[in-house]
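Given next, in structure tokens, is a single chain: the form predicted on its own.
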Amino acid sequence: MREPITGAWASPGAHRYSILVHGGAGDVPPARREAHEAGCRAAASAGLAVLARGGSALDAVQAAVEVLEDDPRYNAGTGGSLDEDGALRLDACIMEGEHLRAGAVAVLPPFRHPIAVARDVLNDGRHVLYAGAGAERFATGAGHAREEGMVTDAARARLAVVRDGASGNWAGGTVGAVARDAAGHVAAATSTGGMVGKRSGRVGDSPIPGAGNYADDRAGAASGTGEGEGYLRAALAARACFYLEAGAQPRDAAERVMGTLHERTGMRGGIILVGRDGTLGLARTTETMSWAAAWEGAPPSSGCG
């Protein structure tokens, strides 16, 4: 039996350019929800500014995700979740829909903006995904420097709770953005610290094109958040875009894949989508997923609970 959809949203029709961001699926306490929304609105505003001056969807999603990576309320970049050894290891992917170019990093040690490293992987073009020591070597060679102070007291506290036997899920989560630009191209970006207390070397769905992140101008773009092993097993982001290509609206496609995720794997999460015409949509099966959206001629909309 499919898990009931606990939240869904769609923008009012097509847009010449648009952006939708998320701050992770989970269970944010009511007292913190406005702060999580505010962070997402700041990210959507940053991406919208890129689009409004004629910038690309690729630049817009990167700008939005970098805002969220700098915000320790979320599980990406600064404040990201720690692995079983107490280390910060980061995953990120960015993809554009015109030529299906993608760049990704996994098990990356602390660099301020993993999504910027992933963008350099895309620009370099030789490979799609670097992991571990190779990702660090690539990042350093591309001019990025390791950062101190990205591990927060809150992240240490979450790890301590997990070591005491609690669940590894937490209220915050993976961050992501999808966008369409005025030229009609789409892009997606996703960044995460992964599961709290994950085994050393674990790679989740976020850096894998087609699992947690995907973009195709013939369909749209997707960014997921939730129980990553399920997204990997269901190829969820690509599946959602296939539904878009077949004519589904973003909200309908989002609801469909969230139902599939639970029905086939028993796992939960959320997803955001942009269609090739700029229509936006999302769905979740968790208690909350913070998000914000913006498009030409409209101030940002947002939600969480």
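The numbering used is simple: start at 1 and walk along the sequence shown. Model, not experiment: these values are computed from the prediction.
Omitted from view is the form predicted in complex with a further copy of the same chain, to which the following refers.
*Asks:* May I ask whether His36, Arg53 and His144 each come within 4.5 Å of a further copy of the same chain in the model of the complex, counting any non-hydrogen atom?
*Replies:* Looking in the model of the complex, the three residues His36, Arg53 and His144 all stay beyond 4.5 Å of a further copy of the same chain (heavy atoms).
*Asks:* If we take heavy atoms and a 4.5 Å cut-off, which stretch out of 110-118, 174-182, 194-202, 144-152 is in contact with a further copy of the same chain in the model of the complex?
*Replies:* Among the listed stretches, the partner-contacting one is 194-202.
*Asks:* Although a further copy of the same chain is absent from this view, report whether Arg239 comes within 4.5 Å of it in the model of the complex, heavy atoms only.
*Replies:* Answer yes; at least one heavy atom of Arg239 falls within 4.5 Å of a further copy of the same chain in the model of the complex.
*Asks:* I'd like to know if Arg163 sits close to a further copy of the same chain in the model of the complex, meaning any non-hydrogen atom pair within 4.5 angstroms.
*Replies:* Contact with a further copy of the same chain, no.
*Asks:* So, in the model of the complex, is Ala234 in contact with a further copy of the same chain at a 4.5 angstroms heavy atom limit?
*Replies:* Output for Ala234 is yes: heavy atoms within 4.5 Å of a further copy of the same chain.
*Asks:* Given that the partner is absent here, does Gly97 sit within 4.5 Å of a further copy of the same chain in the model of the complex, heavy atoms only?
*Replies:* Gly97: contacts a further copy of the same chain in the model of the complex.
*Asks:* At a 4.5 angstroms cut-off on non-hydrogen atoms, which residues of 110-126 are near a further copy of the same chain in the model of the complex? List them in order.
*Replies:* Contacting residues: Asp124, Arg126.
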